[in-house]
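Quick heads-up: it's one chain on its own, the form predicted on its own, in C-alpha cells.
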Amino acid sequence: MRHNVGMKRLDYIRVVLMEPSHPGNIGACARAMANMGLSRLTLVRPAEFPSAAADARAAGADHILKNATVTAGLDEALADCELVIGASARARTLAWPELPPPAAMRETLARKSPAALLFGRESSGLSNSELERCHYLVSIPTDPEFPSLNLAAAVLVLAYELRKAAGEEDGDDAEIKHNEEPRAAAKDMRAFYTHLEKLLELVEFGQDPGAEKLQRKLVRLFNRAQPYAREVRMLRGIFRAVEEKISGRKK
C-alpha cells in the first residue's frame, strides 16, 4: 500500500547522527530519509563533512546534505526538541522506557512538535549519558544470530515506520499545529537537571558514592513524566525559593 504523506506532517522531525565516522554513511542516511519523506538532518561532530563520498552515496538526495545542520555538541542538536527517541541495540544496567518501532513512531507523530530520532556511532552506538537525553529508546527487532544493522539501514527502518504511521492518520496534508501547552524543550530540561543537581548538593542529599546513579534515576523520572514548560518553570521557582531560604538561614 502506498501512502501519500504530505511533507508538512514530517517537517518537525529531525534525524540526528552522533559523531558519524564515515561520510558515505551520512550520504546513505540522507538517501534513506528522502525515500521516506524526511528532510531534516543534523550531524553532531561528523568526522568528515561535506564530502564527495557523502554526495555519491546520497544518490540524488543532495538537498538533504545541502541543508544539513552540523553542531559541536548534542545540546545544540536537541535544544528545541520536546521529544527525543534514541535508537539503541545494547542492554543497559539502568532500565529506560522503551517502545517497539511502530509505537515509538506513532508517539513521535502524536506530539506534532519538534522531535528527534537520535542514532549513535557506527561502532559503539550511544553512550549512557547520551541515552539519558532520550524520553524513549527503540530497538529494531533483528535475528539474534546476526543483530547488527548498519546506520543507514536503521534510519530507513524507523523512517519507514514513521511514514507508515503518518499515512495511517487522517488529513495527511494538514498543517501541523503546536500543542496549546508545549512540553519543555531539551535545552530547558538540561537547565532544570543542572539546577536540581545544585539544589541536592545544597541540601546535602545524595552525596554518597551512589549520587551519580541517583541523578540518573531522577533524569529517568522526569523524562518519563515529560513535563510541560510551565511546570518546569514552576519547579525551578520552588528550587529558587528553597535556595533563598537556606541562604537566609546561613546568614
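Note that the structure is a prediction, hence the values are computed from the model and not measured. Position 1 is the first residue in the sequence shown; the rest follow in order.
One more form of this protein exists, namely the form predicted in complex with another copy of the chain; it is left out here, but the text below deals with it.
Remark: K198 does not count among the residues lining another copy of the chain in the predicted bound form, judged by a heavy atom distance of 4.5 Å or less. Taking the partner from the other structure, another copy of the chain in the predicted bound form has a heavy atom within 4.5 Å of a heavy atom of T142.
Using a 4.5 angstroms limit between non-hydrogen atoms, E130 is distant from another copy of the chain in the predicted bound form.
Shown alone here, R57 lies within 4.5 Å of another copy of the chain in the predicted bound form, counting heavy atoms only.
Heavy atoms closer than or equal to 4.5 Å to another copy of the chain in the predicted bound form belong, across 129 to 163, to the residues I140, P141, T142, D143, P144, F146, P147, S148, L149, N150, A153, L156, V157, Y160, E161, R163, ordered by sequence position.
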